[in-house]
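Quick setup: one chain, the form predicted on its own, written in C-alpha cells, and binding and motion questions come after.
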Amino acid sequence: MFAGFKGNYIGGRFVRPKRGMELISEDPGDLLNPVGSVVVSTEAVEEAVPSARRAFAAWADYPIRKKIAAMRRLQRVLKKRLPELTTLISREAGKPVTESRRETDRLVAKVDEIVGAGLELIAPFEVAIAPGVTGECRYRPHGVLAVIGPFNFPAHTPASHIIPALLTGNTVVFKPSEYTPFTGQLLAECIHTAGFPPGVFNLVQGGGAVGLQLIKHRMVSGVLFTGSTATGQAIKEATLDAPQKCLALEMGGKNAGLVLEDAPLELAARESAVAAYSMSGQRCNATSRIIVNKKIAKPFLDLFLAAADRVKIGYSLGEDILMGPLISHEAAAKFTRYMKLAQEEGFETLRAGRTLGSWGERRGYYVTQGVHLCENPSRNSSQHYRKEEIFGPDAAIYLVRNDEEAVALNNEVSYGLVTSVFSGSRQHFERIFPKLDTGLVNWNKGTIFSTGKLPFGGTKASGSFKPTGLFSTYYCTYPVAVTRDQRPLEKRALPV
C-alpha cells in the first residue's frame, strides 16, 4: 500500500492529524492495490481557515507582479511533476491515462490563460461622470475562499478555482474529493515548492463532514465548487444564514446532441460516441441524450452503434482505452439501477450496459456501455431515466420529426450545461442556437469539448451563473465603484 500521506497542509507546512478517521484511496480499476490511506478530521478546518485569514491582508496587498512570479514558479514545478501527477490521477480517478495527460496539460495552460486574458477582464477602468468628476471601477478579492474539488478532474478543475483566486488576492482552503486525496496532496506539494507565503494556500482532507465544516465556517467568504447538483444544493442550504458568501457552483448535466436532418452523419455518430463514453461517462458535460431527426435515424443509428461497439474498455494506465472503471461501488450500483429503469420506463435496449466486476486479472468497478432507444418521446412518461443525471456510460436516443421537437426535448430537463448541434449549415445552427437553454453550445463538436479561453458554466440546475474558465476572475473578485470629485467648493451646487 502507498504510504505517502503527509497530512493536511496548513500555514505553509504539512501537519498530520493527531486523531481522526482513516480514509482509503482506492484504485477503482485495481481494488487489490489501493493508492493509500489518509486520516481526516474536522479539526483541521479550525486550523486551516484561521491560517488563511491571517495571511489574507498581506497577500491581498502583495504586488501583482510578485503574484504572477509565484504562479510562474508553480507552473514550472507542475511541468516537472506532470508524469507523476498524470499517473496518480489515473490511479485514483480510474480515468484513462490519455485523458489524464490532457488534464495535466490543461492545468499548466491554465496559468497562461488567467495571467493573460483572465486578469485583463478585471483591469480597472475609468469613466467620465461630469466636468471635474471621474469614476473608476476596481476589483477587490473576497477574502478566504473554500475550494471543493471533484474526483473526475481532480487537478485541473480545482486549479481552475485556485489559480484565479490566488492571483486576484484571495487566500484558499482546498478540500479535494475523498476519492482523490493524494492528487490534492501533490498539488499542495507543488504550491509549497513554488514558495507561496505560509497560509496563502491550505489543504484539508476529508469527505462530506469536513466539507460542511469548511463551507459553514464564519471566516470563509466564498465557496467555489464543482460537482453534483445534489451537493451544490446542499451547499446553498448550508449557507442560507450567510447570504454574504459568494457561491460559484458548477454542477451536473443531462446533455444532448441534436442530430438535425442535414447533419454530417459519420461525424455526428463518432463525436457523440466519444462524448457519451469517454471516462465512462463520468463527466458533467458527457452526452447522455442524442436527439435525432427521424428522416436520418436509420443510417445514424447504424453508424453510432458501430462506433459504440468500437469503444475500448480497460485499466486506466492502458494507452488505447476510452473507458476505465467507474469511481466506486456506489457508482456502479447506480448505473445498474438506471439500466433497469430504462427498460421499466419504456426504452428499447440496443446495448445493455452491465457491470463486469473485473477486467482481466484486475478487480474493479468496470461496466459496459449502454444504448437505449425511444422512438416516440411524446408517448413516453419516464421521469427518472429520461431526466436524471446517470454519470455513467449510457446514451439515450430519441427520434423526433422536426427541429421544434428537438429543441423542446433538449430543454425539457432541469439541467442546462451543454448542447451539441450537428448540422451541415451554419445558418441552420444559428436558427437553432437562440432557442437552446444551455450555457455551452457546440456546433459539430461533441458536448465534452470545452476550452479555458471561454466561459464554462450552465443554466438551471447546472450552475449559478458564475462560469469557470476564462471568466473565473469575475467570481473571485467583486467590483467597487470609486468616484473622485476634484471640483473646488465654489463649483459645487450644494443645498446647504
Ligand code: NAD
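Residue numbers run from 1 along the displayed sequence. This one's a predicted model, so the numbers in the text were calculated from it and none came from an experiment.
Keep in mind the form predicted together with nicotinamide-adenine-dinucleotide (NAD) is missing from the figure; the text below concerns it.
Which one of these stretches, 399-407, 89-97, 75-83, 252-260, sits within 4.5 Å of nicotinamide-adenine-dinucleotide (NAD) in the predicted complex when only heavy atoms are counted?
Among the listed stretches, the partner-contacting one is 252-260.
Heavy atom of residue 222 within 4.5 Å of nicotinamide-adenine-dinucleotide (NAD) in the predicted complex
Residue 222 lies outside the contact set for nicotinamide-adenine-dinucleotide (NAD).
Is residue 391 close enough to nicotinamide-adenine-dinucleotide (NAD) in the predicted complex to count, meaning some heavy atom within 4.5 Å?
It does: once nicotinamide-adenine-dinucleotide (NAD) is placed as it appears in the predicted complex, residue 391 has a heavy atom within 4.5 Å of it.
If we define contact as a non-hydrogen atom of the residue within 4.5 angstroms of the partner, is residue 231 a contact of nicotinamide-adenine-dinucleotide (NAD) in the predicted complex?
Judged by the heavy-atom cut-off of 4.5 Å, residue 231 is in contact with nicotinamide-adenine-dinucleotide (NAD) in the predicted complex.
Does any heavy atom of residue 146 come within 4.5 Å of a heavy atom of nicotinamide-adenine-dinucleotide (NAD) in the predicted complex?
So residue 146 does not count as contacting nicotinamide-adenine-dinucleotide (NAD).
Which one, 178, 113, 103, 271, lies within 4.5 Å of nicotinamide-adenine-dinucleotide (NAD) in the predicted complex by heavy atoms?
If I apply the 4.5 Å criterion carefully, the residue I get is 178.
State the residue from 299, 208, 195, 360 whose non-hydrogen atoms include one within 4.5 Å of nicotinamide-adenine-dinucleotide (NAD) in the predicted complex.
Only one listed residue qualifies here, and that residue is 208.
Would you give me the residues of 416-455 that have any heavy atom within 4.5 Å of nicotinamide-adenine-dinucleotide (NAD) in the predicted complex, in order from first to last?
Residue within 4.5 Å: 417, and no other.
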